[in-house]
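One chain follows as structure tokens, the form predicted alone.
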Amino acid sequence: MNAALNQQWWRDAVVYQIYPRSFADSNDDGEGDLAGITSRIDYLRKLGIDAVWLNPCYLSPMRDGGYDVADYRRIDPRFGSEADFDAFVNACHSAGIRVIMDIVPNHCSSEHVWFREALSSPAGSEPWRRFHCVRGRGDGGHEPPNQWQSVFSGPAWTELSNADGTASGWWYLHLFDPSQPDLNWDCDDVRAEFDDIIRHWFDRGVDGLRIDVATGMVKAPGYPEPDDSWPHPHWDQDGVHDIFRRWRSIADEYDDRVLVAEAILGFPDRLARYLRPDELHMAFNFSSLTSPWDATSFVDAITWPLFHNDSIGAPTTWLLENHDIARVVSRFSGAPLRQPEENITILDHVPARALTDAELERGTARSRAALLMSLALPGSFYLYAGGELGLPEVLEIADDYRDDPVWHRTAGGTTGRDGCRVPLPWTEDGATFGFNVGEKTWLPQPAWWGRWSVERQELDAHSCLAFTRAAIAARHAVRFVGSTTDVTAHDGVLTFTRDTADAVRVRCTVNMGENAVPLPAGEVIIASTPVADALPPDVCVWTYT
């Protein structure tokens, strides 16, 4: 492996998230694939990233974008062959880029061999031990075992049928879609299976695993109804920590492998428990993902995670968008938001209409400022593919093309996540804007997509792409060290300072207010948009103090 891949790289890494279906398509079937990603390795290298996080590319019926896994050890042919995967990993390593894969341990696909075996067996029998199969309430058991709700809307339970098609009175749990039955982590089979899966991918050269739904794997005994106490009966149960200690011991058998948690918790002290020295290496700080464009809100989103993580020697992991949330340009635009009909907790609200030019300009400026601020913070940063282009959320997707189960389960009441998953524009023109050389994409691209293309931005020294490359390069050049304890907000302006390996101090200043303020004293290192004598609204600047 490339000598540049250093020990504990993950503590301050810039990681680029790739949604495989939407990155680059090598065989013109309309869906991105591994060979397409490999063909763009030079693009990734020029970004200056340290690692790639690859969303699921396992064998899957794709009812939830690959998060319904039918076989955890096989690459889905739609993404290419096993050899294509190995070639992708080798190409990344040759370019000095690590590879993080998704692992989905809370649930599997209803087409997984275990679930098919259970369905062919009587409800409540031995094959069902690997899942949560529970007798229902009421006469004949035909009412759900409790009132738990799916994250994707509606009941979290589905009643099983007898061989003759009649209702059995037995129910299985799915915190997401019915095609994603929850695995029972009290079962030794489940624990042993995932031990082997983790080793399988580490043996294949994967450098880390991002753990989907990390807080949901263990359910409270007896499946009680939730109340106002914590932990919630199916979130953040203490038993998950035993699982992650077991996984950490496996990771420690290898050289410098990393485990990253998707742990959506509103309590930074609870989140820090996942990062104790014998548990996981990183956990996403979702407060930075959901904070509004407001200096005081961002102070809280920064200081509390740093306080709790620093206390146990763990890094904090920042992000502004991912495959589950509307694009940051649109979220920060100031446009009125569409309110979902139900509380879909993993989704943020999206604009209720197309952005005006002024809103688009505002959202773009704020997204650039937020990116530069995030790159100055202690810890790692995850950049979602397309974020470097300043892509806005795509709203104009016809109902017939929408793929997200959230859209379908709410009958369109919630917009869903398709708008942030539209295939990337590589060229300014063409039927698919260079995503492939064919004429189709799995989600439709808007007619205006070429305006944000890589090709067009490569020619513009002030483009979002040029800025992102420069910002990542500045982070590497400045060589931040240590944490920060002086994050403050005053009159809408957020500031903090960082020490560097060269024994100089850098101040990061973000104007989140409505008026220009004096430019901080000191040499300007980089600004999110050009600055002169003042710091305009919606601009971030780094200066030597």
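Residues carry their position along the shown sequence, with the first being 1. Everything numeric in this text was worked out from a predicted model, so none of it was measured.
What comes next is about the form predicted together with 1-deoxynojirimycin, which is not displayed.
The three residues Val52, Phe88 and His200 each lack any heavy atom within 4.5 Å of 1-deoxynojirimycin in the predicted bound form. Considering 1-deoxynojirimycin in the predicted bound form, the lone stretch of 188-196, 318-326, 75-83, 136-144 in range is 318-326 [heavy atom distance within 4.5 Å]. Heavy atoms of Gln180 reach within 4.5 Å of 1-deoxynojirimycin in the predicted bound form, making it an interface residue. Proximity of His112 to 1-deoxynojirimycin in the predicted bound form: non-hydrogen atoms within 4.5 Å are absent; the residue sits far from the partner.
Taking the partner from elsewhere, Asp64 is found to have a heavy atom lying within 4.5 Å of 1-deoxynojirimycin in the predicted bound form. Using a 4.5 angstroms threshold between heavy atoms, His281 stays clear of 1-deoxynojirimycin in the predicted bound form.
In terms of contact with 1-deoxynojirimycin in the predicted bound form, the residue from Phe176, Trp157, Tyr274, Tyr384 that brings a heavy atom within 4.5 Å is Phe176. The partner is absent here, but in the predicted bound form a heavy atom of Arg417, alone among Arg98, Arg331, His132, Arg417, sits within 4.5 Å of 1-deoxynojirimycin. The partner is not shown here, but in the predicted bound form the stretch 244-266 reaches within 4.5 angstroms of 1-deoxynojirimycin through a heavy atom at Glu262 alone.
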